[in-house]
Every structure is written in C-alpha cells, then in structure tokens.
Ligand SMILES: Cc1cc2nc3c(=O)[nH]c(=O)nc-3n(C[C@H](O)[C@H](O)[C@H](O)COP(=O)(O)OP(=O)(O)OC[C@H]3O[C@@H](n4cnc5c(N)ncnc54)[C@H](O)[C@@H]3O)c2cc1C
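Next comes just one chain, in structure tokens: the form predicted alone.
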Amino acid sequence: MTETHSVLNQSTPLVDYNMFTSDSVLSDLIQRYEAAWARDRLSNFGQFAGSSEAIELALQANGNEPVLHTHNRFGERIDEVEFHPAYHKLMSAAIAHGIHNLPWQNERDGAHVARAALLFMSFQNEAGHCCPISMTYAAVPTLRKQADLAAIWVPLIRSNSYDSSFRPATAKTGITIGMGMTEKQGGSDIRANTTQARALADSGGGKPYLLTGHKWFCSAPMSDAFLILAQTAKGISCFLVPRWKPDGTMNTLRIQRLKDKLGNRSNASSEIEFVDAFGWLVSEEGRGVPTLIEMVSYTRLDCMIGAAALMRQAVLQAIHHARQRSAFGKRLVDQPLMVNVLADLALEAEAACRMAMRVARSYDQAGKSAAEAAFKRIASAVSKYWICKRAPMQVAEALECFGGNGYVEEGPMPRLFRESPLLGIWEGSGNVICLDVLRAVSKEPESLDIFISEVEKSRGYSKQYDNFVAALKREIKALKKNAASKDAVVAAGREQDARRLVERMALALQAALMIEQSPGTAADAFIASRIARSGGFAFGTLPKTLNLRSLVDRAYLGEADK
C-alpha cells in the first residue's frame, strides 16, 4: 500500500509570515489613525504571531486543556488551575508587547488603535489567552473610579512582565485581572444577582467587604484579582476581589469546576463560589452597573476586534489553500465561482476590520471630543453586534473552501470555527446589544445624530448608498419621535424591529468606511452586495461586472498572485 500513497494536490501550512506587514488593510489603518509610531512594535509582534513557533504554541495550548486542582495531596484547599507551558508562553509574548496595557502605559494619540492592531494579530494566532489580556486592559477605567485602589493595582497592570506564580499580587512582577458578573439564575439580567456583600466595618468606596455567593461564568480564574458584582443594602455594587487577602493568606474563592466549552479551550472558564471572600468596594454602594459599565465597553471593543481577526485569518487560510489546491484542471483560485466566494469573504473581513479600528479610534478621541464620545457609545454597540454576528457565517464559508479537509481537526479551520460564536455571546448577546441601542435612542438621542453625521460624510459616491442613508435617517427620526411612548404595542414594535435597525446602521457605517478608505473596486463591491440589496444572500454572489480577482489578490499577504 505504501507504493500508492503519494501525497498530491495538498496545500501547505500557512506559517512563517508577518501578520502585520502582509496585511495591507491593517497597515493602512495604522497610518490613517495616528498609530504609525507603533509600527516597529506591530511588525515585531506580527513576525512572532505568524511564525511556526507561535502557531505550534497555539496548537499545544488548545490540545492540552487547563486542569483544575481543588486540593493538594495533603487535603488542603488550593483552587489552582494548571495551564500547559504553551499557554504561558503566549501570555508572556502578549504581555511583553503590551497588549494588556499599551494605552495605560503610553497614553498618546493612537494608543488604543495600536493596541487593537496587536490584539487583532494575537486573536488570529490563538484566541483563548486573549481573554485575560482583554479583561486586564478593560479593568483600568473601572479601577480608576476608586483612586486608592488604582494607586496600588494600575502600576502592576502597567508592568510588561508576565508572572504566573500563585502568590499575592504585591509580591509579583506583573498581574492580570478578571471579572465576574453572570450568575446561573440571571444571565444578562445582572440586577437579579444574589451574591451578597457586607462591610467588615465602615462602608464606602475603598473599604473592605465580605462576599458570599456563586458566579456561573468566571474566565481566567487564576487572575490576581476580579471585578465582581454583588448586592448590598443599596443595590448592585462593584468590588475588587483579590486571590490573596492583604494578610497574605488565600482568599476564599472556591473554583467549583471548569466549563467544558465548545471552543476557547486553552482558556479556563469556571464556576466560582465566594465564602466570605475579602474584597474592596469600588466607587459607591448601589452604583455597580455604572461603575463596571466602562469595563464592559472596553471588552466589547475587544469582542469586535477578535471577531474581525477570526474573519481575517479564515479568509487568509482559504486563499492560501485555494492558491495551491487544483480541481478540474485548474487551481481553485483560478475557478470563477471560487474567486467570487473568496472575494466576498475578503470584502466581509476588510469591512469588519475597518469598522473595528474606527471604533478603536473613537476610544483614543473620546476624552478630547464630545462628538467622538457620543460616537463611541453608539458605534461600540452597533459594531459589536454586527461583526460578531457575521463572523460565524464568514468563517463557516471559509471552512467550506477546503472541502472535507476543512472539517478535520488537524487543520486550522475547526478551531477558528469553534471560536467564532463566542464573541457574539461574551459581554452582551445580540439581543442585549440591540436593546442597548434602543436605550440610546431614548436616553442619548444625540449619539444617533452623531452616528448619522458620520455616515453622511460618504454621501455622493453612490446613488444607492445615498438612498440607503436617507431611508435610515427617516427610520431613526420616526424611532426618536415615538421613543418616549408608553404604549405597550409601540414599545413591543420597537423591540421586535431592533435587530433590523442595528443591522442597517452597521451596514451604513461599513459602507461609509469602505467608500472613504478602500479602493474603488472594494467599495463598489460592498455597495452592490450589501447596500443595493438587502440581506439574506450567501457569500459568493458578487456581481460579475466587478474585478473580483483583484479583491482576492489584495487580501493575500499583501501581494498580487504571481
């Protein structure tokens, strides 16, 4: 049988390429959004993330899942999670490059965009370790609401040293921060949380409390501290709960079990029980939701970046395969219908990347511009919803480009596919996000005006786009008019139509960015396929009048097909 076993017509692994320098869209956005000062850092990390070494680390980290050790051999409670060395190496690389802290360490224009580009590449390599990286980054704005706690913890976050040792944070060279909101009875309804907190002595911000309760999802349970929501006499409040008490003894955070998840397998997600666990109140009692909401905003930014990253990696893998695999006498990349599919996938990935980076830009500008702050609030929700909704469909279509080879665990696509639904769930599922947009209509109507001003900047390029924006403006005007209505039928109608509204807002923003930033072929293709026609179409239905091959070549490692 060995004489017949010649390996023919198989594509090679996509390895040893620079994720940054080979991505023309990402390079353009770094320049466009004032982050070019980070180019060397981005190129260095891009070289690592696309290397054979880093890709092998990703495989090892996902093939050797975390293991929970609740007790040591003497029967003492330890609540430790053991990770494979590959996970620690990926964490070390991410932290060394400042993906967890760049905007807080180097607070200059473009810092959030530069950091978003780093995360974009890190997600393409391995998504699981990005969870604690993201939470640590997002924790800083919440910690700063309590100055005395921030003075201790933020300098530790600014460190670029990864220290996985299990000891008090003040004895470590660097730390990570987690968060815990979800409880089994409430899910997204965090006001239904039952975890209780009582003051040890005096109550108030920065004071010690004891927490008792149970969290249904707590990712990265080996983090050095967690931002936790719990009930006090005044309502839901936010606490910083360390793994170790100030006296050097272990805090009573009991890891009950690790979740057996669809994807994100390198990362430990757990159920945690608090038994009079020590923690400090952040801000005021009863102000837990507004205190933590800023952290949620930053993690939502990371969700859209992560989803866009998975889309970029999926289409890159598909094009790489199609350039080498032949069928019916021609390479797949030379088959007209496959070109249509690949071009459509590339278009979706580019629009997602441009959208995510535009939102990241608003995080850089929000403190300087009221308009950008308003845009950030509405665009974060709209973009998180849409990019995360599109990712599973786009990745699934890219997987299909491989045929049966795409469905085999030895290849890259199953892991990308398993990761793709997670980001739509994390920090606000689709319905929660759309309801947030409706709340903005009634509470912050000026944010919608800013959003419309943003998409109107690209009017005049296409009659179809102009008509689309005009219709969206009429729709939003009518929505704002009845936003204050107490009629139950009107309110139900608003909710039932929320997804359609948010989808149209997302498409308008993506089209505006494509018109403003992309070559005419890409902008024309986006308008023809997403604006001139309403949704419900499979990938691979771009008009044949467009130069589709140019879209494919442009998406592949920044070079035309030779």
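Residue positions are given as counts along the sequence shown, with the first one as 1. Bear in mind that the values here come from a model prediction, so they are computed numbers and not experimental data.
What follows is about the form predicted in complex with the named molecule, which we do not show.
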Ok, Asn431, Thr170, Gln324, Gln464: which has a heavy atom sitting within 4.5 Å of the named molecule in the model of the complex? Asn431
Which of Gly128, Gly288, Gly180, Gly306 has a heavy atom within 4.5 Å of the named molecule in the model of the complex? Gly180
Thinking of the named molecule in the model of the complex, which stretch from 417-425, 364-372, 119-127, 151-159 has heavy atoms inside 4.5 Å of it? 417-425
Is there any non-hydrogen atom of Pro445 lying within 4.5 Å of the named molecule in the model of the complex? no
Contact flag, Gly186 vs the named molecule in the model of the complex, heavy atom cut 4.5 Å: yes
Partner proximity in the model of the complex: Ile450 to the named molecule, non-hydrogen atom cutoff 4.5 Å: no
Can you tell me whether Ser269 touches the named molecule? I mean in the model of the complex, with a 4.5 angstroms heavy atom cut-off. yes
Residues Val15, Ala114 and Gln317 all lining the named molecule in the model of the complex, heavy atom within 4.5 Å: no
